[in-house]
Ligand SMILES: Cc1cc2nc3c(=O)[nH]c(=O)nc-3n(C[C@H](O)[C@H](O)[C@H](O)COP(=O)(O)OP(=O)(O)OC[C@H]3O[C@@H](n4cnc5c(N)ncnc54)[C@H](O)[C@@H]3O)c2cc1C
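First, one chain by itself: the form predicted alone, in structure tokens.
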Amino acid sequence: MYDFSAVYIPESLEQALRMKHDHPQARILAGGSDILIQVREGRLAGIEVISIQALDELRGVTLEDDGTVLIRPLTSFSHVSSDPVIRRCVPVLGEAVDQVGGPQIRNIGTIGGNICNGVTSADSAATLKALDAELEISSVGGTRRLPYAEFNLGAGKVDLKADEILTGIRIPRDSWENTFGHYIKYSQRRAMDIATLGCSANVRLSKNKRKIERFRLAFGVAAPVPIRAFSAEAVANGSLISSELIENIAQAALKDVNPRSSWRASKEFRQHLIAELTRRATRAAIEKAGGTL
């Protein structure tokens, strides 16, 4: 049994937003793969929840007229990875969420819940940051858009006000067109394990495939929140592809991170991973884009 003080079940997004306005302390229940565990363990015992599981209007992936990939937050990980729009436009995101937990978790867990939890180890987070994703956040007062880069406020804290619900994840055309990415998750086990470190890189190459025109690099578990590696990006953008460049990118990435020691790994080991996964993810992204080293 789960210890809830109240469960509200809206029949539409409009009703859900009204419930969130009237019950600002209520937690949003999407897939439940995180919240239900915390309730059962007693950490969230007695909470109010608003279950939005039945709201199909918050589920699915579409390609808008301007080329924006719009992902609704209730889309499960398995549906993200199998969706034809994701496979055609941002396959790296599908590859990233395919590394979440096991099949059961991927079938029930949602991409919206994954980023709203605010944890640095979220497998979708680094890739969405590397793709310059933008969030749609709604309340009864309307909808605002926020760069995902600004969403994480601190460990486990995100920029969602008490009366707001995440209603969309947008990836602009300029972030995916002619762009190729690669995500690497390092963990102690190949499945059903939280990332010790996650690294996502994507590149857009020049027509002759010799120069990096646009480079993005982001990490999970390299800091209290998922982060972009802006120093590494500055080194890469506009540079000719070479083994020396890959090494310079890896060393620059170490300037952007702030890993900590935990029972999973020491700070020093995570720093080693940051440099090595940067090398591997960058090389793989370049090769996917048609470049050679």
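In case it trips you up, residue 1 is the first one in the sequence shown, and so on. It should be emphasised that the depicted structure is a prediction, and the values quoted were computed from it without experimental measurement.
One more form of this protein, predicted together with the ligand, exists but is not displayed; see below.
Contact annotation for the candidate site: K129, I184 and G291 all lie away from the ligand in the model of the complex (no heavy atom within 4.5 Å). Comment: the ligand is not present in this chain, but in the model of the complex one of V257, L55, L245, I35 has a heavy atom within 4.5 Å of it, namely I35. Residue contact check for T179: none of its heavy atoms lie within 4.5 Å of the ligand in the model of the complex.
Under a 4.5 angstroms non-hydrogen atom cutoff, the ligand in the model of the complex has G101 among its neighbouring residues. Remark: D193 counts among the residues lining the ligand in the model of the complex, judged by a heavy atom distance of 4.5 Å or less. The closest non-hydrogen atom of A30 lies within 4.5 Å of the ligand in the model of the complex. Note that among 218-226, 170-178, 204-212, 110-118, the stretch whose heavy atoms approach the ligand to within 4.5 Å in the model of the complex is 110-118.
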